[in-house]
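Next up is one chain by itself, shown in structure tokens, the form predicted on its own.
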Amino acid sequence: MQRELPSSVPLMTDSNSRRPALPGGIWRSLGITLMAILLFVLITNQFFNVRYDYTLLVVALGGAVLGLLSGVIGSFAVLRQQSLMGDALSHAALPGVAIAFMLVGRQMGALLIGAAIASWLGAQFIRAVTSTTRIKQDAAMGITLAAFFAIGLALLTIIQGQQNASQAGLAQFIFGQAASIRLDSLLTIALVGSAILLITALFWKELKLLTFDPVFAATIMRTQPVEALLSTLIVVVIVMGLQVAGVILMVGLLIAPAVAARQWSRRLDQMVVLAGIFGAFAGGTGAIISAADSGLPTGPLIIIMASIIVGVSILFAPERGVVWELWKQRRERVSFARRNVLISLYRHAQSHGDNYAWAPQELITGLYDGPGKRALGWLEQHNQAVKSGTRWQLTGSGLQAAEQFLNEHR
């Protein structure tokens, strides 16, 4: 059964739908994205002398895979109104990075493990606060973000005071650094990402039910393990993305593709696939720009690309975009003016006791001004009214349409 959800969570789910998994809208979006990627490659190659060598391809693939994972997992955070969760957990990773550096030095594996542990503790802290107190989830996430990030900054200050040469690599965790992605890192990201996508597919029904109807989900299953699983997936994606997007802007890569995909979709599967496509495009192109010029940090560039996608989606997405709404409002105003002009001609004719009595054009323009003139032109074009000098008369089809409008109104 397919139903439209309330405006608070305006997404259609259809677990029993017989539609194909990838409807035409997604194929069109995928085609547009592939064309955009091709255009991006051609422009950067021809006008900015970007050479797509082995290193750059590895960096681009790494950013694209991270963007894809962020879009898929971020969709659930957006729909559950937990957009701040990614921000809180990414900032919570900073003290873990600092502590791991103080213990074992600059070893990327140890730093990422420290970040994962700190982020996971931050997620558990948020759950403990919301389940044992009356503090709302947004307040708990704000507290976690501020507290963990403050601890991380304090630890970084201590590390900087030690004058350790190896501390220079810690800066990449703040803003991200695309050049840090090597082939072994890409293989690790791909392997972990495949596991994340597989887990998401295996627990698809549980995640969907928890996202849209947590109250009902609590009556038929234990929701705590599913919530813990979703939090863990978010933590893993954030930790992998710290190399590319950094602590501060990782939330943008997690949320922006899902926000953009929401503008184009009505179903959860559509949104998840589109968010992955948009995230892959933003991650890949941002990483390429950063790698082409080492002076530009990766995180801001990725978020700029993701923000462009969000802006285009907000403006031009069908049925929800700003341009669509403006066009729809204009069409409704024009349709409203045509109907009113038609009824005015009909009532004028009835007041004179003749269905085909002539009405002066000044009557219409005085009531409806410019829209009235355009409505008269449309009625004449569609053979619902005829003109003689400055007078107008209904035709048979116009008379029938006016009577139908009045009957519907009654």
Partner chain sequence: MYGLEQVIIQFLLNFTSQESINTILNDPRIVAIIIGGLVAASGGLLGVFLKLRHMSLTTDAISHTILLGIVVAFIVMSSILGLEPDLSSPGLILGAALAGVGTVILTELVQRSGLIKGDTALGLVFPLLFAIAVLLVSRFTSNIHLDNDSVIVGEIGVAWANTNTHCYTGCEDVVITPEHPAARVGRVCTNCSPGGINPRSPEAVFTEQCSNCGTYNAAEAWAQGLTDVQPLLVLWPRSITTMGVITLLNVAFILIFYKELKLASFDAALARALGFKPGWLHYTLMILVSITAVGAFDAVGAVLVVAFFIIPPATAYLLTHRLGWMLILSPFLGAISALVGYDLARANLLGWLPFSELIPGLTWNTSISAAMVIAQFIVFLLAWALSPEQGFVAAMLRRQNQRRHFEDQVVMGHILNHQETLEASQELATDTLHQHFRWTPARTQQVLRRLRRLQLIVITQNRVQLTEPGVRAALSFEQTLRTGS
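Between two forms, the rigid core is defined as the largest C-alpha subset superposing within 1.5 Å. Note that this is a predicted model, so its numbers are computed, not measured. Numbering follows the first chain given and starts at 1.
Although not depicted, the form predicted in complex with the partner chain is the subject of the following passage.
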**Message:** Just to be sure I understand the contacts: of Ala337, Leu112, Ile189, Ile174, which is the one whose heavy atoms reach within 4.5 angstroms of the partner chain in the predicted complex?
**Reply:** Ile174
**Request:** Scan Ala228, Leu326, Ile143, Met108 and let me know which has any heavy atom within 4.5 Å of the partner chain in the predicted complex.
**Result:** Ile143
**Request:** Work out which of the listed stretches, 153-161, 181-189, 277-285, 231-239, brings a heavy atom within 4.5 angstroms of the partner chain in the predicted complex.
**Result:** 153-161
**Check all three, Tyr52, Gly246 and Ile309, heavy atom within 4.5 Å of the partner chain in the predicted complex** = no
**Item:** 4.5 Å heavy atom contact, Pro297 and the partner chain in the predicted complex
**Value:** yes
**Asked** With the partner left out of view, is Arg134 within 4.5 angstroms of the partner chain in the predicted complex by any non-hydrogen atom?
**Response** yes
**Message:** Trp120 versus the partner chain, in the predicted complex: is there a non-hydrogen atom within 4.5 Å?
**Reply:** no
**Message:** So in the predicted complex, is the partner chain close enough to Ala93 to count as touching (4.5 Å, heavy atoms)?
**Reply:** no
**Message:** With the partner left out here, which residues of 235-263 have a non-hydrogen atom within 4.5 Å of the partner chain in the predicted complex?
**Reply:** Ile248, Leu249, Val251, Gly252, Ile255, Ala256, Val259, Gln263
**Message:** Checking Phe125 here: with the core superposed, does its CA move 2 Å or more between this form and the one not shown?
**Reply:** yes
**Item:** Threshold 2 Å Cα movement between this form and the one not shown for Ile304, core superposed
**Value:** no
**Message:** Using a rigid core superposition, assess whether Leu153 undergoes a CA shift of 2 Å or more between this form and the one not shown.
**Reply:** yes
